[in-house]
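Take a look at this single chain, the form predicted alone, given in structure tokens.
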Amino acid sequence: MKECNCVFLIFGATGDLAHRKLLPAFYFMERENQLKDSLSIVCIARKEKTTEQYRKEASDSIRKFSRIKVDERLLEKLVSRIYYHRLEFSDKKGYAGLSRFIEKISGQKSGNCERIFCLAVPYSLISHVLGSLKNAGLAERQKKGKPYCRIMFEKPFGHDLKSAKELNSSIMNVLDEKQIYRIDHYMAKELVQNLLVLRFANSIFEPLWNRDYIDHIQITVAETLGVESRGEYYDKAGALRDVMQNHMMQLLSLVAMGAPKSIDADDVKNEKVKVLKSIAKSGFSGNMAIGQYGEGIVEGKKVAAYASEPEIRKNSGTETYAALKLGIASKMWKNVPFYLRTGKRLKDKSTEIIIVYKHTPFGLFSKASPEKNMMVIRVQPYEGITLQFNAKVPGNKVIIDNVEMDFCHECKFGPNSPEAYERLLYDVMAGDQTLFTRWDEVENAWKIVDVILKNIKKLKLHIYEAGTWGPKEADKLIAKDGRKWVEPKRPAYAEQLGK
């Protein structure tokens, strides 16, 4: 058995995340020569399995979910790195057995290996798992000259501010912030990473990125899927905890942040935290609409109402849709509203950031009714940026039409850009925390959402038809400001992509 000096341990290795995302990401990294020859992958779960059984299942998952064609020779090389170890996460004595298992496959003391733990487990188990790893000598604070020990956590990070603080406190009793990698996979999406370049590397955009030129900003995260196999979790979480507290607050802070001193991780995060603190200071205006999907037609198929989904409580009051208006108490964004909406079982899958500019101050063409200029940043599924502006229609009369200029990410760079987990796994091995969330980001996002959750109890839960854009009350929310939601649409380049 080969000696290894780096062990990557996946807790919850029989779950969807491991099979759909992590294992295919490791295959891509194997293909790109990004894995050390000395790396071993230990897959840990409660189910009774042998390493050979798990390797076969891992191979099948990689063939099924890999975004690139699988080379069987490379697949065999990757799978030879994988080992399975059964562990009851609540069994403290079992972690000593895990330590011995690592020593067996690595050929050295477990404390002498570089260790990365990926905890794809419910947040309620994290404190226990981490404490057990510490007691077994597997997790410890970083010491100079010693092999690194790093831990990755999946969202959700807590259920509210109180539980998040308690969880973070238990983690900080074992590790330092520099060892902690809190995952928000949206941060690794190409168009999200492109936001900093779009803003701060283009003199035609950044001078206009403020209250003097921008009328308002919309952020939409829309899904066509229902709760799928996540009913038990989702019914306790809802749209606000599942998407708003993490993904949408991250997108909002990137859009609204000021220019950082550098692109180093801490400088970028410092500016993002300033935005989140400004939202928390401004409070919650009460402008909000919530809903829950009923039955309907999605992508040509009849789907059940949320209340009829498996594992959903009878008469559940959980919101599957939320729309709200936020303000940022800063000079840069004074009087510029931010409208956020997210929901399940909506008309289309789409994540978009829409910058709506003000009308020109001249009024020269007011009779021709020119539209407001817009920039549409498509995070998924049609990754790209569209700039909408006004142009004259040929002819004697001054007739103005809205036209578009498109940047298609896939058209320019090809279809095989790294997926989020490929980048995240690479970065944690490299010790780069740029695309991971720092504690004060998580804390301040929870401060905002905690206030919203207190207000939600006063609101009526509106049932909306699956396959629509949500409850009509969300339209009324933005309409009372004289504005309307910009409906996501397929860009012109979608046909070129065959989508």
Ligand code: BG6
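Remember, predicted model here, so these are calculated numbers, not experimental data. Residue indices: 1-based, along the sequence shown.
Below, we refer to the form predicted together with this ligand, which is not included among the displayed structures.
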Given 257 to 265, 183 to 191, 305 to 313, 289 to 297, the stretch touching this ligand in the model of the complex at heavy atoms within 4.5 Å is 183 to 191
Exercise. Give a yes or no on whether every one of 344, 349 and 380 sits within 4.5 angstroms of this ligand in the model of the complex by heavy atom.
Key: yes
This ligand in the model of the complex has a heavy atom of only one listed residue within 4.5 Å, and of 409, 247, 85, 325 that residue is 247
Checked 235, 215, 419, 223 for heavy atoms within 4.5 Å of this ligand in the model of the complex; positive is 223
Exercise. Answer yes if any heavy atom of residue 319 is within 4.5 Å of a heavy atom of this ligand in the model of the complex; otherwise answer no.
Key: no
Taking heavy atoms and a 4.5 Å cut-off, does residue 334 contact this ligand in the model of the complex? no
Given that the partner is absent here, does residue 230 sit within 4.5 Å of this ligand in the model of the complex, heavy atoms only?
yes
Interface membership of residue 155, this ligand in the model of the complex, 4.5 Å heavy atom rule: yes
In sequence order, the residues of 119 to 150 that place a heavy atom within 4.5 Å of this ligand in the model of the complex are none
